[in-house]
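Have a look below at one chain only, the form predicted alone, in structure tokens format.
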Amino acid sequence: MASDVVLVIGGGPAGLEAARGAADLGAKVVLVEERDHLGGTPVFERYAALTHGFQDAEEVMNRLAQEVTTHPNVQVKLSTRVVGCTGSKGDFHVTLTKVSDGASETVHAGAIIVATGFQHFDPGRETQVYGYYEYPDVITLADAEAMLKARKFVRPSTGLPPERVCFIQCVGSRDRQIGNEYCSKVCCGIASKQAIEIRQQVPNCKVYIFYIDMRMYGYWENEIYWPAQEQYKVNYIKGIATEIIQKGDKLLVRGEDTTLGRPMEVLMDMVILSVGMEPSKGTREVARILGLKQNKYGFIEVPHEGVDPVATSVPGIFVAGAAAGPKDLDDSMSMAGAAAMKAVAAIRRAIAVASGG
């Protein structure tokens, strides 16, 4: 029997927008989130401000979560995991389990939207040339976000404001040796945004960004990239960092200045690694449970991304946001709206067919 319920898996930006969109279209929505709160990575990783627009991340996510939790058509299930699924388009039976006590229930859904997001690349997983687990003053974009949110951007080793900070781009992205050949899309913009925030909070700090090439999408060029250079005097250096070592109380960054074609050695107080996106553990698990094809990187495969960017290999199951690959917030929200529309259309067609209409 066909169901009029849309099941949304994931309570981050894409999941929240998909739930809101489907509910606004009149569908009954069940939103499942493994954590005990909504908001996804921007809240869990304590993001300071969103790229682009510099809106307070927590405020934006809380506002979106409030719209979902108070919507009469939405039922939210926190601390809940998807552990099983049977059936087909219009008639899925999805088994859920409470994280706390293992209690299980089954949701009968006509369509499913997967919005399980991404995880940040672990810079120490493959190699320690960056010294992430060795030197306290080597941090990641996510670490820096938490500091900036707390308005306490300091050297972890001393607790004092840094005088020289550099970003190293494409850590875990565009790297054939580790198998992540893809660009993670957001890292250049986030590094530039954070560089501006560092200069705002620590005006005397000099900030450098070492990059292969800067990739600014849409309006990021004018909103982030040029203001970082012209207003905040951030130094962009085309170069590749190959090693970071401790030298006294500083970090020595070795590499190559690719513009000048010569070796490079610079001393820094802090190094921020611009880590890329990888499929989250939840994305991999849900793909396996739902029988969805994954691409060679582990993201959920979209068979015809150009003309149907939210389709999956299973009819009636749709994907939104970074579960399908590196996405910025605009991409995620746009995909979520499209997935909501497709899911509602799918259940209405299934109900019409089942009723002989």
Ligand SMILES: Cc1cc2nc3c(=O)[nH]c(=O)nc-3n(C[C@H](O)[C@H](O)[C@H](O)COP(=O)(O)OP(=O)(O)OC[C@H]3O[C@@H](n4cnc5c(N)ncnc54)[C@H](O)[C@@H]3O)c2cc1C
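A residue's number is simply how far along the shown sequence it sits, counting from 1. None of these values were measured; they are calculated from a predicted model.
One more form of this protein should be noted, the form predicted in complex with this ligand, which is absent from this view; the next part is about it.
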Note: exactly one of 302, 329, 27, 65 sits with a heavy atom within 4.5 Å of this ligand in the predicted bound form, namely 329
Exactly one of 132, 153, 220, 92 comes within 4.5 Å of this ligand in the predicted bound form through a heavy atom, and that residue is 220
Here the chain appears without its partner; judged in the predicted bound form, the stretch of 29 to 37, 307 to 315, 291 to 299, 66 to 74 with heavy atoms within 4.5 Å of this ligand is 29 to 37
Look up in the predicted bound form whether residue 60 has a non-hydrogen atom within 4.5 angstroms of this ligand, and give yes or no.
-> no
Contact label in the predicted bound form: residue 277 to this ligand, heavy atom within 4.5 Å | yes
### Query
Quick one: does residue 148 come within 4.5 Å of this ligand in the predicted bound form, counting heavy atoms only?
no
Does residue 239 reach this ligand in the predicted bound form, with heavy atoms at most 4.5 Å apart?
no
Checked 1 to 26 against this ligand in the predicted bound form; residues with a heavy atom within 4.5 Å, sequence order, are 9, 10, 11, 12, 13, 14, 15
